[in-house]
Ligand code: ATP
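Encoded as structure tokens, the following chain is the form predicted on its own, with no partner shown.
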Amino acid sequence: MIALKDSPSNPETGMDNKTLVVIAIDDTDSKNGMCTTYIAYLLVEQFLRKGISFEDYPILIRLNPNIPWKTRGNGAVSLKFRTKDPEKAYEDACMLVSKYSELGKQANPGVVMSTISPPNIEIINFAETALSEVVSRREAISLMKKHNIQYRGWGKQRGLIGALAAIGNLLHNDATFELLAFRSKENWGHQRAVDNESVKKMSREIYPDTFNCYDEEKKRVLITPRGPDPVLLGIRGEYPEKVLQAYRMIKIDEAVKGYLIFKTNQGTGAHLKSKLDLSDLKAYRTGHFECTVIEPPKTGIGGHVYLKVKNKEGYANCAAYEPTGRFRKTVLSLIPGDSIEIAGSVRKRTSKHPATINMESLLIKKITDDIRFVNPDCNICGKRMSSKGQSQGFHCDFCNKTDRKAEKVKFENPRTIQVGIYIPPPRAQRHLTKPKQRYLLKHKIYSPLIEHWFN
């Protein structure tokens, strides 16, 4: 284990003539293996052995989850530290990315280094846009050249987009933490040996300071990925101390290479903060909008639920897909006239289907009364009467009575939903989805680097 007793240097004094540096990496993995967080782990390990002092936790930024060419979580990583030799640190980062990336297997990595802190407002705006829209490699390169930011890319160089966004995302508004534990190489590709009962116990005892660790409805562990990548498990929570406490409660029956605690935008809903314009629904965009239900929801093939809504900008087709479980029942409970706010992502329009918004959360703002007018009951036999036509009264088909003075009866159907926020169950949530318990949080104070943030 590497001792971690050093504290961050004072960023204002520049102690020992060390330069404040931020290095970011992205797109090093493929669907067949590797993970950008693992390369970040190796880089942190190498830097610490050289005596480099870190200013903050490594930053894990999840970008727009709707990008079709992403691999898994669409995450980029940045490291903030002080060093006397920024160029050597940059070369070390490039060497590790070149050595461990899935080059030629879908990975198109990028490494970006900046010595400008805080980043220019244009970089910050670029990072904000990358959360909810499609941004181009050309735009990223243009900004880096303009602001003298050093970079290197491989293949199609798509990783430069995420790397620059990781430098520009300062996590000022909200942040969570994730402890990622990594497997010994001989176990890559094999089933993960994590005790399910210990995960369930941990999730229940540390809730709400951890989230999305265990799905109670399906009795499913959510902290272990399924692919052949180096990640053993990931525990998400509100504070670094809490994710470390949670990790120590889990029983693991395989060799662990080590772990690293990241500060991250996971669980913040950051990708949904932009407003969607129903008159201009561009593919892959994410955001939110207020609207009114205009038709009763319908269940389609595969159990997917579809909803039509409108606002002053236009109309939209929305969907709650089968994996969202009970969330679909909430959508099915809506009726025309309900005032709601939907957050989600735009699926690309096809020749057979219009642009559809994949619903990630639903805020019910106002529910309308479910009032119906039904034919009256016969006052002789009690059976429901049928209408004889406008202003002609009602006729009973059972006792053959006609009542010309009878009128339809007002009937109010009790609503099964209430005003409030509704989201899919944990198993159907994206990395960035804000868990329900986090909507109640007030401002948090995060700890500086705790002693065991890296092992």
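Residue indices: 1-based, along the sequence shown. No experiment lies behind these values; they were computed from the predicted model shown.
There is another form of the same protein, the form predicted together with the named molecule; it is not shown, and what comes next is about it.
Chemist: Identify, from the list 222, 256, 134, 171, the residue with a heavy atom within 4.5 Å of the named molecule in the predicted bound form.
Modeler: The residue from 222, 256, 134, 171 that makes the contact is 134.
Chemist: Only one of 304, 72, 201, 192 has a non-hydrogen atom within 4.5 angstroms of the named molecule in the predicted bound form; which is it?
Modeler: Selected residue: 72.
Chemist: With heavy atoms only and a cut-off of 4.5 Å, decide whether residue 130 touches the named molecule in the predicted bound form.
Modeler: Taking the distances in the predicted bound form, the answer for residue 130 is yes, it comes within 4.5 Å of the named molecule.
Chemist: Would residue 64 count as touching the named molecule in the predicted bound form under a 4.5 Å heavy atom rule?
Modeler: Looking in the predicted bound form, residue contacts with the named molecule include residue 64, since a heavy atom lies within 4.5 Å.
Chemist: Tell me, yes or no, whether residue 35 is in contact with the named molecule in the predicted bound form, where a contact means a heavy atom of each within 4.5 Å.
Modeler: Contact with the named molecule, yes.
Chemist: Considering only heavy atoms, tell me if residue 158 and the named molecule come within 4.5 Å of each other in the predicted bound form.
Modeler: Judged by the heavy-atom cut-off of 4.5 Å, residue 158 is in contact with the named molecule in the predicted bound form.
Chemist: Partner absent here, but in the predicted bound form, which of 193-201, 74-82, 359-367, 95-103 has residues with a heavy atom within 4.5 Å of the named molecule?
Modeler: Of the options, only 74-82 has residues within 4.5 Å of the partner.
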